[in-house]
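Okay, so here's just one chain, in structure tokens, the form predicted alone.
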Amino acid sequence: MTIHATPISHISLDGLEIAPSQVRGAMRLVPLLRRGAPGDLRLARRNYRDDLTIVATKGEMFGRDPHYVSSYAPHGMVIDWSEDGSPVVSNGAQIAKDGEQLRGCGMSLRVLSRMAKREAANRLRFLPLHLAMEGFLSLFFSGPEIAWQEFSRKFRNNGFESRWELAVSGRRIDGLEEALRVFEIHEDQVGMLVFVADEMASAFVVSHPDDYRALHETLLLDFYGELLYQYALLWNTAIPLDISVHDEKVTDLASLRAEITRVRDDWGKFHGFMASDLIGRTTISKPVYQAGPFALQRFITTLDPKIENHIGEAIVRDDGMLEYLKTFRLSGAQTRRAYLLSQLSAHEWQLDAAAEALQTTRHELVHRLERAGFGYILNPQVLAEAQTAMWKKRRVP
């Protein structure tokens, strides 16, 4: 397989219309519409009902290469496409055998080969959100190329230990299930921006309105950051927003139509502004699979601990049109861990250089790494020196 796609530099909603939001409690759901979807890329869901899912990310299913393990993979996504632009029919996603299913000790286990796997000439299966999360967890996984003595011998020899992150199912987000059940799905709707207490939670886009209707409930099955779970518990309403028709400008049906169009445009611009830490933000992306004129990519927004940060996966047509999008908002702790590693990697894992870039001291950087759960990668002597220095600093009046 040859991947010729250029990594996406930002997420763009060009070609999509942002419709006015629907609000219930702390949930604000913003529909995304696409007029005249070409229909040459179709998505469908493949259900998994296993207690545990293991994905061989590189080599053989039961080999010694790295594996990705998840206790929550309710479904996969299957895409069918045509290469000449002709419409294709979504044939459903349950017709192919997918991985090995093992049973024992009262639980089921599914072992899959690769996050994205071609199943037929124009058919690809991948694990939504897990594709992005696996990429996030593997960032800087190999560690330094130079065996700096500041790091532990085990880390110098083997790199990082297994890394993991927590997330919660959409079913645990208070109010999300009810909002998805009662809100209207527009005729041309192909996606949704999800806000919890007016904090950006996720974005979901597919290529065709029929696919969106079939996949609407998967928003409930997706996993979300723990922070959003807390927001849904703490807040019972979204911030009241009001953009109204100017009565004085309405004199006939034509002027009323113009005012309604203006209101819809204003809502769209405002909701685009609310999502500006994702939409239009610079991303670091990696193409994963080339499917004819479509490229499946995973991405992470440039890390900034002071604002919200997202990871996700997207399918982009060769003319830049967004055909699929699913995102996960990182928590503050997840961002800080990735940010610290990114700074170390950017400075060739030299503690002093990374500390200078972060405008802090070497001991403070070691302390921050230890608090972030990376103490095991450091030489015990370096840790002890930092602990002593921080203790003396706290004792200074």
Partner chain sequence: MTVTSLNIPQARANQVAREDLVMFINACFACTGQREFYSSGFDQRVSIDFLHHYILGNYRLLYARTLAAGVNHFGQAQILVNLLATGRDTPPEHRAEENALIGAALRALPPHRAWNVLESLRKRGVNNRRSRAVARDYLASRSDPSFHVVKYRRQFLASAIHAHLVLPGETGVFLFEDRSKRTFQTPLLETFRQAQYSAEAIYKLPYSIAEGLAARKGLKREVFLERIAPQMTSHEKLRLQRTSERAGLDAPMLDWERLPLTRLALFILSMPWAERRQKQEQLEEALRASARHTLRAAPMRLGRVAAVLDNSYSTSGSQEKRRRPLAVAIAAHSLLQEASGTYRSFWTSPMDSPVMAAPRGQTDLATPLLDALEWKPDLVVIVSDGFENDPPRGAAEALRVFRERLDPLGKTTIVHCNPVFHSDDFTLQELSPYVPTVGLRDAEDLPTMLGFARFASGAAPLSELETYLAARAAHFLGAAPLPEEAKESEEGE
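A quick note: this is a predicted structure, and the numbers were derived from the prediction, not measured. Positions refer to the first chain, counted from 1.
Only in words, not in the display: the form predicted together with the partner chain, which the text now covers.
Among residues of the shown chain, residue 379 is not one whose heavy atoms approach the partner chain to within 4.5 Å in the model of the complex. Within 4.5 Å of any heavy atom of the partner chain in the model of the complex lies no heavy atom of residue 161. Within 4.5 Å of any heavy atom of the partner chain in the model of the complex lies no heavy atom of residue 154. Proximity of residue 24 to the partner chain in the model of the complex: non-hydrogen atoms within 4.5 Å are present. Of the stretches 71-79, 120-128, 179-187, 310-318, only 179-187 has residues with a heavy atom within 4.5 Å of the partner chain in the model of the complex. Shown without its partner, this chain lists 282, 149, 244, 86 as candidates; in the model of the complex, only 244 has a non-hydrogen atom within 4.5 angstroms of the partner chain. Although the partner is absent from the chain shown here, none of 15, 34 and 277 has a heavy atom within 4.5 Å of the partner chain in the model of the complex. For the partner-free chain shown, 263, 264, 267 of 262-279 come within 4.5 angstroms of the partner chain in the model of the complex, judged by any non-hydrogen atom.
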